[in-house]
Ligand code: PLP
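Consider the single chain below, provided in structure tokens and representing the form predicted on its own.
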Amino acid sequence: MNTIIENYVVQGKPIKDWTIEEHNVALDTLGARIYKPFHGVLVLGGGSKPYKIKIRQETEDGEVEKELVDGLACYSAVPFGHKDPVITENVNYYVSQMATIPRSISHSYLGPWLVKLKEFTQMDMFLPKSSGTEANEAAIKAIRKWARNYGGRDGKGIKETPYIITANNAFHGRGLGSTAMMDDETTRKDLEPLMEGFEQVPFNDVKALEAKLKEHDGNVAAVFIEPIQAEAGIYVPDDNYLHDVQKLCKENNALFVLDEIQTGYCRTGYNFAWQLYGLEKPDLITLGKAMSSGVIPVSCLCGKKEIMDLFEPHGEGSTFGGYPLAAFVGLLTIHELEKRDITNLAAKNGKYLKDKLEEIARKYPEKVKEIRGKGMLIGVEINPQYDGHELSMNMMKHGVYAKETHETNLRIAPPIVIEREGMDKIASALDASLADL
């Protein structure tokens, strides 16, 4: 059934009758060009399975409709896939009840959500936000507040610039603070001067971190890293790396902070990647993406009480951080993750899919450099003489939506609930796509 909006006449015709070209022209001429979407493709909705999407695509014979396996899950944000009956039924129920209210008045879902977050994450206190970068911006504030009060070798506060050490090739979002934590030239272009107090070291290099801590002896407030670098190409550190980083943080009275926006909520086969590596509880973690099953933007800064207690009324806030629908969906997501044992499913499916992809890669040693990943977060790195975007386009041609990152890496992170039929399709599409390169 067509909705009111599908029949809404825009530019002289109902939206449902727009051609793909008309959509592309509107995007290219009216939208800030912050993405390079696949031209000639229009997503129509979820497909016949939770791990599929329905698209309209331009072909030599005109526009056709077909289904693709969703091999990206919106950068790990969609663990249950599309059109999940439990998620959609409950969200539809809630939005029929009310719009929203401000945080100046309590509502019936926020308290229970915070209690479940404490149980699920093992952290002490929480600052809900909307986007992942907002959670990271809040983390920067928390780090600086802690640094002024408790940082430094003597624990009496850092009087000079409190440094935050991050990793090369990291991705932490699009806010100015998040941008200052990253070294990507395109991201930083024309934005100087950026916030001071950030230094980068190579990821998975303990000696480089140790040297940087010595360089800023007594003035390092935190080490802020992704446990697995997702956007960079699914770079998995050595088994002892994060242990050594956490140990160095303790020795230098610096906070150990993890960006788990893509790795959290069962994606790696553990509830959180810090548990995957058997670490002690971090001082702060940031979450987003899958916190809401992908239906609305929800994120959160989670931390130890002595850090989070430094926030005070009017010093921080968020219109939609922890608003009723966010808390409702947040509770629903945790409930379903636990009920369906999604953590173990991610571990099991991840092993099956990674084994299949490694089997395909062995057929193309001249094209594939490495397969790496944990759980349902997997990267295929091709040799630099080949083009990752071409590989992505080939995957779509063979029935799978997956997207390259940093030119030579293909990120594969489908909905965790994907069936073996879907994983086999990803593997066969990779086989055919590598052959086409």
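Keep in mind it's a predicted model, so treat the numbers as computed, not measured. Residue positions are given as counts along the sequence shown, with the first one as 1.
Just so it is clear, the following notes concern the form predicted in complex with the named molecule, a form of the same protein that is not shown.
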For this session: Please pick, from N204, N253, S131, Q200, the one residue with any non-hydrogen atom lying within 4.5 angstroms of the named molecule in the model of the complex.
Result: S131
Seminar exercise, completed: Checked Y235, Y163, F171, W146 for heavy atoms within 4.5 Å of the named molecule in the model of the complex; positive is F171
For this session: Although the named molecule is absent from this view, report whether D283 comes within 4.5 Å of it in the model of the complex, heavy atoms only.
Result: no
Problem set entry | Distance check, Q262 to the named molecule in the model of the complex, heavy atom within 4.5 Å | yes
Exercise. How about R267: is it within 4.5 Å of the named molecule in the model of the complex, going by heavy atoms?
Worked result: no
For this session: Give a yes/no on whether T333 approaches the named molecule to within 4.5 Å in the model of the complex, heavy atoms considered.
Result: no
Exercise. Taking D70, N349 and K425 together, does each of them reach the named molecule in the model of the complex with some heavy atom inside 4.5 Å?
Worked result: no
Exercise. Which one, 356-364, 133-141, 155-163, 83-91, holds residues whose non-hydrogen atoms are within 4.5 Å of the named molecule in the model of the complex?
Worked result: 133-141
Problem set entry | Within 374-395, the residues that have a heavy atom no more than 4.5 Å from the named molecule in the model of the complex | none
